[in-house]
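Listed next as structure tokens is one chain, alone, in the form predicted alone.
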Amino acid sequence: MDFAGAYTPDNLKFLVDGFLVTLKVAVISIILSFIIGGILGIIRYAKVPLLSKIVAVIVETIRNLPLILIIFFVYFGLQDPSRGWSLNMSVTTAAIMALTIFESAMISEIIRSGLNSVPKGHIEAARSSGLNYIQTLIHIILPQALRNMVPPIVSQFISLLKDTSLAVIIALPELTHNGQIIYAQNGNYIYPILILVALMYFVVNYGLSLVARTLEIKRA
């Protein structure tokens, strides 16, 4: 193992560049998946005729597919010119789209479960006090449900950040990808680089875990 050779300024900068790409893809995907997953979760909870069933089929289908398959489909399937049309997107856009599709399905189930955890008595009391369905959802159900949702949602976001490493298969220049390029130059760099890559993932994910734990304690 050659730590000195592996940790040159150029290599460290290359890893940091990859780490910034990882964070960028993760943050954008988290924001988009929270918005889309929230909409899907509310639609399923509200039991909108036909629409809820269609959403349920889509969500269950996506949840039971491997993320790596969705990444392949988005990057290669949607950019296949043989069909007569294709989306022209960068690897970063494709990775964000694939992660958003997958995580939205996961988040929607967390939100639906959170909404279902609100006691029926609270909902009935709100409706009997004159609030309509939308007002009850906004002022009574969502505030209570959010307290239950936050810890699992944060845990899902931790998974999302780690899942960005799967985008290495489409050559997204993220942390794992850049690490591979460095240790491919010299076999003695493998363990030093992998240790540093693991440490960078750990610092961010452990920080998010502490946030989730703090929120869990406050909720108790």
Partner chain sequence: MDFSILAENMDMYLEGFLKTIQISLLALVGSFFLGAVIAVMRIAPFKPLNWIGTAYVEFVRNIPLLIIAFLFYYGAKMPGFAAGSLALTIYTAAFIAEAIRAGILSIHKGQMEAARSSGLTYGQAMRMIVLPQAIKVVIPPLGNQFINLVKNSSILAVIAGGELMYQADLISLHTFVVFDVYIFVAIFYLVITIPLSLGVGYLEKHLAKSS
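Residue numbers count along the first chain shown, from 1. Predicted model, so just to flag it, every value in this text is computed and none were measured.
Another form, the form predicted together with its partner chain, is not on view; read the next lines as being about it.
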property: Its partner chain in the predicted bound form reached by all of Pro66, Val168 and Ile190, non-hydrogen atom within 4.5 Å; result: yes
property: Option from 90 to 98, 122 to 130, 144 to 152, 69 to 77 whose residues, in the predicted bound form, bring a heavy atom within 4.5 Å of its partner chain; result: 69 to 77
property: Proximity of Thr176 to its partner chain in the predicted bound form, heavy atoms at 4.5 Å; result: yes
property: Residue contact check: Tyr201 to its partner chain in the predicted bound form, 4.5 Å heavy atom; result: yes
property: 4.5 angstroms heavy atom contact with its partner chain in the predicted bound form for Ser52; result: no
property: Interface membership of Lys162, its partner chain in the predicted bound form, 4.5 Å heavy atom rule; result: yes
